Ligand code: GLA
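Below, in structure tokens: the form predicted alone, a single chain.
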């Protein structure tokens, strides 16, 4: 069989399970010999409508799983080796599925981390030969890493749903990222990729794990992602630094308010009462999280009441808070929000994801989508020197087997 070759059209394979399976047969002898054993699994990315950096503070989030994601065509093997090829580049990496060893400092670490986490939890880990295709831009703040981890959990389970409760799987994916990758993140991205529902956003209480689907308002509305052309630059150290700043604020507040165990417990009045005892940076981080939790709940009430003006106000307030208090926006993201805000028919815009590059999410009247696209493509390069991408996203089902 020929060696896998780079494919400039790999993104299309992510949306075509039959073609991805055919590519696997062409490039992997094990698949060609056992075509009836081929499985194709998929996990979606997500946009977060509102509730940024609240998940690891035990607060509220409102993500949407989207139709873009990562697919793996695979054939299970008995040798315990997970070998995976990127359709886009032809690069192949492998590891011992249940005992992956040290990180390789490459994309395969997100796959290997799932093998480590599943094995640590006592779940079976199956070797496989696979090919991966993605139509989810990396570094866009659309959670490509969580989608890769979730789809890897399915691949390492022989191409079937892992034999564990879905919420337990959410925590195993988090365990993989915390314990193997070293990123001290929360559970929102994994949750959205696993629990996604077509046409629905997902309210998640990150403390109680209670969740419910929220119907998005009206067929006349669209969700539009605007990619800044600037990859997300919030590195592990900066992300962990912000979490440490939140923890420092909790410790200082808990000294006076013993019932406080997370920023979720802090009221605006509490924060005002102890502000002069807090490090100024920690106080700003805490202010964002306290306000953002309230914005999530207010946004849900506004969605359910059909109050789009209030939804838009909350989107813009969230972006301003992420820019001014949490310091995770960028000039590029700010420019995209400014352009959207000046476009009639755009209801609200804000950065989505961890920040420092990546995408904004825009709630837009459907007839306005062409005008927003035209404004971004016209005005954004002149302001930033970068080339943006503008694309609609739709609320999608969570991880699943496609074939």
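Residue numbers count along the first chain shown, from 1. It should be emphasised that the depicted structure is a prediction, and the values quoted were computed from it without experimental measurement.
This next part talks about the form predicted in complex with the ligand, which is not shown.
The shortest heavy atom separation between residue 188 and the ligand in the model of the complex is within 4.5 Å. Shown alone here, residue 55 lies within 4.5 Å of the ligand in the model of the complex, counting heavy atoms only.
Residue contact check for residue 358: none of its heavy atoms lie within 4.5 Å of the ligand in the model of the complex. Shown alone here, residue 354 lies within 4.5 Å of the ligand in the model of the complex, counting heavy atoms only. 239 is the sole member of 239, 195, 107, 180 with a non-hydrogen atom lying within 4.5 angstroms of the ligand in the model of the complex. Figure note: of the listed segments 62 to 70, 47 to 55, 341 to 349, 368 to 376, the one touching the ligand in the model of the complex, with heavy atoms no more than 4.5 Å away, is 47 to 55.
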